[in-house]
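Okay, so we've got the same protein chain twice, two forms, each given alone as structure tokens, structure 1 and structure 2.
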Structure 1
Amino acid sequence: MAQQVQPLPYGVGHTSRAWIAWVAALAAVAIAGWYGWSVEISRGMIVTGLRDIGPMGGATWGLDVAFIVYWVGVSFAGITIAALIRLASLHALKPIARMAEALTVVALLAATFAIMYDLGQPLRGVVNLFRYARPQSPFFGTFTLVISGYLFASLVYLYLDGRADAAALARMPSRLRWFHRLWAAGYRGTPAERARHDRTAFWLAIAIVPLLVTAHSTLGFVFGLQVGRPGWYSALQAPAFVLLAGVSGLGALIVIAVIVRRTVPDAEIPDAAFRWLGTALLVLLLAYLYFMVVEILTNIYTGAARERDVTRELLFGDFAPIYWASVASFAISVGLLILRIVRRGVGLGLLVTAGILVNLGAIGKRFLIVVPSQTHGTLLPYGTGSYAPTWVEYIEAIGLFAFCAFLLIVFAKVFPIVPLNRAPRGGEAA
């Protein structure tokens, strides 16, 4: 635009060819995922590898459910970081707060899609959940708290937290000004406004933390309350879900933060943030590994026959490759994270590797939580079942990654993915 004299900060509004190529590619993959869903809708879930538990010897929950759990887990990061900044005054994390919040929102959107993918009657799902949802069902938490409450809260948080930046951008001429004005909604940055925002942010953080624990626990209860599935019925499920959510969420955040630091112009994410992320990930990871050991020990030491069967199947049977690959990815990540600390550098490479590895491990673990208890965990002697996802499920899952990435990179072009640096002095931005 002619009157644009100065580019918006952090590349907002500036589209490069590479960016367009990325957007196109990601959109294509996301659309491919939805094409998979359309096939599923028109022909039924027969196009998936899922089948009935029992005589059919299948798993009725598979990749879709693993990814519901995974995406909800990833959403952990944003709100946690935001809440920690407020509650624990971890100001070093401020530059990654926005991307963390955005990650939460897109991850929850992905989780919503994954849920829809998994419903036999998605349309009925939308209507009947609002109409009939029962508090007794562990799904109640998933549908109401996670998808509605959590997603809504995250949007509120993202929105309120971005108002100051929106107002700043709205002062600069660009094609996106209308959008920034809309977002700013009259924000002028008066001390009263800032004070109010600090107060709301604090109280929101307070309100969100229990929601966060409840939401992730709720998802754990979906599995942990089921006596009929060996390997599921465990009090550890809920806390383990919270932990693994933290692991995958922080891992994903690290990856995004590094990408932002490398690609977004002028984006300065301090090393301290990465140090903190690395350490936090390490702590959560170690805690999660501890949980894993406790779980395995309980199951092989005192588990009922079928519990032991499922555990044996995990450790040595059909699922051993996935299990040990997951364990290995966690273990290697632990090593990398410790190495980073020992070396005293920032170790972005190590961090990204660990971030990717823990996410792969988390996906593997989610899959292992969902599937073996169905195929190898029937309490009546149906025999061993099997489950192999089909292309539909794979394309749907991949599509969701593309969808999330698409939203994030588009978001980064309409709004600063890193908060404008105006503290402690105001008006310094760009």
Structure 2
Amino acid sequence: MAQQVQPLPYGVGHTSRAWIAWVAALAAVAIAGWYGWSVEISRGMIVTGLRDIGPMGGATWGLDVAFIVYWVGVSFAGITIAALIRLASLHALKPIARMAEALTVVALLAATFAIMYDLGQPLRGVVNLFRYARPQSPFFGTFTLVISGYLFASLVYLYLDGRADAAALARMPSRLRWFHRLWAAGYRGTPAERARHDRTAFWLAIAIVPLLVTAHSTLGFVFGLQVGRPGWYSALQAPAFVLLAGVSGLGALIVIAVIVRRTVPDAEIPDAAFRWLGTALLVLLLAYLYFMVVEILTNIYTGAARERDVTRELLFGDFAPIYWASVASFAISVGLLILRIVRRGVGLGLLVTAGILVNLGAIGKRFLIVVPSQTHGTLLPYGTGSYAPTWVEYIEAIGLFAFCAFLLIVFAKVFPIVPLNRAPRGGEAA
């Protein structure tokens, strides 16, 4: 007699028409982004707004590079929160641990695609990495630390964290039982297995924290160590990259956690988790705003002539609308987060608004880090350049957001997005 298929926790395995419609829409947008990439591959980089610096009056790095830095930044908060939950025993945050880990993985995958978009001929870039790579170069670290090491470590951490839940689900008859058995890989939850599992995850968490700080600092060094590029040569580049990564990642994690709380059946994410996330976001945001003020004042009053030119362009020139819009996004977010504290409530609406605003501001800041120093910051006697993304670059960027959302909502339907030990179904934690 066939076993009866029973519903799995948190709506795993259950789909609805609304869910299918969302998946189809996100898949269509992601495919549109890949279509833009195919146009770029077939016709060349001429379909983008990129042009050589100097005689051609353009920028060789543009929107794709800005989103490389952005997506790697979003991944920062996810795995950091997951590691700190284990290392510091932050019990209030345990319900969001898995969505934080999943966010890290999908964000790093998006960063990988953004790198492929920027390379123009990705196969040649991958081949040349092995042929001509210089380990002392920050560019080498971008691929080895950020994409290879960082992504691999995050995948392993997600696998280890979910193995016990996979074993519990594998004991329940369902259409996804084969997948959960594959993930569990024979895990039975014996005392010896749990001890070995916890020990491995603990040391992996310790290894991940310095790895991710090094990875994000390496991205900052890609810009900060180029002494001939005004606007980039700054000792604040690496720490500012880490701070803004934490801001954008926490903002994205807050939005995802609220969506999960509102849409996933029986998902219980306590108010304490949102209070912790909101406070952490406020602290990081204030620190980053302090960095911005210090950098602007230093460049205005003591910077070289070209440094002052780039700074004036940000404050009053062609890039001023993006700069002040980013500043406004951060400032409004600070106000919303302080208002939430004053009201002494959870303030989910305020948190979501702040989370969206800081990510919009982070995108603007990433763009301003990449472009102005190329179009207005050359030390050679060239004229002022310009750069405007084309539809190809825009559709690629929008497609990456759809790709990440697609992966997250599909993951939530094949595996619990909230750890089972928080399930309100009774019984002990798996």
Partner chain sequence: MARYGMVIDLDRCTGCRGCMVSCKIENNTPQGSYWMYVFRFEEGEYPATKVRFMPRPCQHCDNAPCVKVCPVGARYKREDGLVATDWQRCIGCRYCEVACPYGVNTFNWGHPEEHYYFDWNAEDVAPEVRGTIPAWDNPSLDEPYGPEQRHIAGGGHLKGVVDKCTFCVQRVEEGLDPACVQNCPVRALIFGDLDDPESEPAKILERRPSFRLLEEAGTEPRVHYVGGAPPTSETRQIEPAKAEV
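Rigid core: the largest C-alpha set superposing within 1.5 Å between the two forms. The structure displayed is predicted, hence computed values, not measured ones. Throughout, residue numbering runs from 1 along the sequence of structure 1.
- Between the two isolated copies of the chain, the first is the form predicted together with the partner chain.
- For F316, the Cα coordinates differ by under 2 angstroms between the two structures after the core has been superposed.
- Positional change of F130 between the two structures reaches 2 Å or more at the C-alpha, relative to the superposed core.
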